[in-house]
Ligand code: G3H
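Just the one chain here, laid out as structure tokens, in the form predicted on its own.
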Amino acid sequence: MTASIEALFPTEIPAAYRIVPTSNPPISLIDGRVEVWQGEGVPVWSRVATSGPQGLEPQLLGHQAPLGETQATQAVEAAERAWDDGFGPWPRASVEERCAAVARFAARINENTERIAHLLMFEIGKPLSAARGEVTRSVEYIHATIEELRRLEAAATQPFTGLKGSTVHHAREARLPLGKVLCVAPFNYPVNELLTTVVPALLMGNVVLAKTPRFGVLANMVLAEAFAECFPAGAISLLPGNGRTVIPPLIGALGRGGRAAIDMLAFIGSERAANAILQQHPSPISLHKVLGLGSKNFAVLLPGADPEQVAARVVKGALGFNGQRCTAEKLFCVPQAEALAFAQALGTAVAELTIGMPWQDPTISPLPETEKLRWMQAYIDDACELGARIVNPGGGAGCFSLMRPAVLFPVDPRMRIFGEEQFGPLVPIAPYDSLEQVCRWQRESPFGQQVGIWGPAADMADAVRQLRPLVARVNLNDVCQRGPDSFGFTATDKSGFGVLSLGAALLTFSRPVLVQSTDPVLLERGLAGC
């Protein structure tokens, strides 16, 4: 099986998709200037490899700038100047001025869709259509967020009243920026997840320092020139490099008056990394934050659910982008009576998934992390030693960066795969005896993002009633997901903190300010020009 997977790697990259390394030099964006690193850059290698006389050889894509404390300090100082206690040119710009700048930025992204998508293919192994989709969805998200801000601004111009005793108070509420925001994005959606925090933060008038993810850095650096052209100096910095080197001097920096320089952290990644960052902030109690962390989303089949129909629906939810999605279904809970039939149906559905190079648009594509196959094999070995088996033929076989997904059945709480987030192409199935048992599993889990419930409509209510208090989103006969973007994306327990998605994100990156008076004429005069 390993040999057959190795044969999926090409002897050469098709001409239409080749990346010229010199076209991706080591750059950064600090204080409005895109600068090439003066020195040796860090090579950026692809896990998409070619087969040659020496075996599989990864492709060199370009170089990233190995930024350190000096550059991080420069970025913080530029952000301080741009913010200027809320009186800098960007925080003082009107809503329409900010919307226009962000719209120009969106147009520049759109012009570079193919270049960004091709880099995503090679940097993180994302299939071409999904890579294009990440870029186009990001542009659509930006335009939708602009329209949402205009709607919120229109609503804010409407005065409202309140009574204190017999006295009528007249008021208007505005949303103002929080300050300097540090945004840290994950590798699985390196462009989209960066922009879903950076864009609402900028639209609300904040100044942003954006740390690129460890994979996907070159795709994000394509945005550097557009950022520099569309926003004032210091309003946005784009910083590559090793996160353990770059992030500590950012989050730990002191600004004017000895106050913490960073006012908000927008982080998507692991709980361990988030805790390490938060502990380095000079004043954690004053730090605003929105965090997207790990998850272990259950897909719960109720008695009477059709195993084959559900398997056909959920297979790509569980294994889209190789299962490297926080919203992926990561544990299937199935009634004992239907468990074997569902395992066989899901194994058949997984066996039909395509596997190959990203430009071929397969379901299963190369994994960006060098140790991922070893980590996945450790989960498989542990589960099989404790009584599980691989249901689908060839499941778990891998070579270099490609791995055929494995459906594991039966899984129980003794196994690591039952409680830990695999974030990869493994699909565990746990038989259950009662819905109360499933609810106990969810209560004992440290995660609380989403759950999917599958079954007859007449039987949904009890499952919803028992599982809804334990998660942030319940999906009925539908896969776990982030969208639509108009829905609030959030979590509970150790899966996250705060709310993103369109209007919710704009509120997250701003604070309310109320102006009131018992004299409505005075109120309007006092707000003239604001």
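Note that residue numbering follows the sequence shown and begins at 1. Because the structure is a prediction, the values reported are computed rather than measured.
Missing here is the form predicted in complex with this ligand; even so, the following discussion is about that form.
Of the stretches 145-153, 182-190, 455-463, 159-167, only 182-190 has residues with a heavy atom within 4.5 Å of this ligand in the predicted bound form. Interface residue among P469, G55, G483, G68, judged by heavy atoms within 4.5 Å of this ligand in the predicted bound form: G483. With the partner omitted here, the residue from Q422, T348, S445, T327 that has a non-hydrogen atom within 4.5 angstroms of this ligand in the predicted bound form is T327. In the predicted bound form, R175 stays away from this ligand, with no heavy atom inside 4.5 Å. In the predicted bound form, this ligand lies within 4.5 Å of some heavy atom of R137.
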